[in-house]
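One chain is shown next in structure tokens, namely the form predicted on its own.
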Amino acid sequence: MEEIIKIERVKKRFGDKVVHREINLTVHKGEVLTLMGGSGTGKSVLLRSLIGLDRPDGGSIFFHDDDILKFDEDDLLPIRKRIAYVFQYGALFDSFTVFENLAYPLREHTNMGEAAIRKKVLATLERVGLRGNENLFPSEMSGGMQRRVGVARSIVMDPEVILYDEPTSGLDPFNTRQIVLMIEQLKSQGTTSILVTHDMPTIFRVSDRIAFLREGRIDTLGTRKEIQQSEDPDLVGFINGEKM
């Protein structure tokens, strides 16, 4: 399978706390890969490192053939157009309508005219089931709807990779299902997704492979079936909610 991201010997610490001792991981084009592990195991830190929001202390992160850890902020700008980040709580602009939130990256990073931008924004809202809500402000929407707008804003630029940080955390069953369906739809279109979540039903529905982080390393890596059939007591305990 084609490699799209390759993480080699990545290390990270915050003061005395070692988060990543040595992370090695390859992400395949078109797959959904989930990072799973207890709180403080560095899942979100690793996710943020993939677009330069956190900087590892050592190692390499290759996107295609480019080691993005060697990039400065200017070099990272085109990478961030190709790797989208879905923040846990949407991270929308409160003073912008839904339409303006989605139009913003298109205006900033493309040469599209206003008619084309409007067509693209409305089509993207249709994909996440929010067409007709384009004139609302975030404060006028439920948390679940805001989360879906966050997903819409992330996919409006048609990225190659989408990074999801706890996309279903705190959501009701309906909005959780909408997010799951969106992940599955994007996968069917060839988009690569990396997911951080503690939501076990979502993990075992959408993931092609699952990486279990423990003590600063990828402790176990396998398919859904391999992870579900694992006899590792720590992994089994974590899945069953018996261990952190």
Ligand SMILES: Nc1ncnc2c1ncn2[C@@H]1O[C@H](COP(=O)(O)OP(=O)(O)OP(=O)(O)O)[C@@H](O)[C@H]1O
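Given the structure is predicted, the values throughout are model-derived calculations rather than measurements. A residue's number is simply how far along the shown sequence it sits, counting from 1.
Omitted here: the form predicted in complex with the named molecule. The next part is about that form.
Q: Looking at heavy atoms inside 4.5 Å, which stretch does the named molecule contact in the model of the complex, given the options 203-211, 57-65, 39-47, 185-193?
A: It is the stretch 39-47.
Q: Please determine whether residue 217 contacts the named molecule in the model of the complex, using a 4.5 Å cut-off between heavy atoms.
A: Residue 217 lies outside the contact set for the named molecule.
Q: For residue 235, is any heavy atom within 4.5 Å of the named molecule in the model of the complex, or not?
A: Contact check for residue 235: no, nothing within 4.5 Å of the named molecule in the model of the complex.
Q: Taking the named molecule as it sits in the model of the complex, is residue 17 near enough to touch it, meaning that at least one heavy atom pair lies within 4.5 angstroms?
A: So residue 17 counts as contacting the named molecule.
Q: Answer with yes or no whether residue 166 is in contact with the named molecule in the model of the complex, where contact means some heavy atom within 4.5 Å.
A: Residue 166: yes, in contact with the named molecule in the model of the complex.
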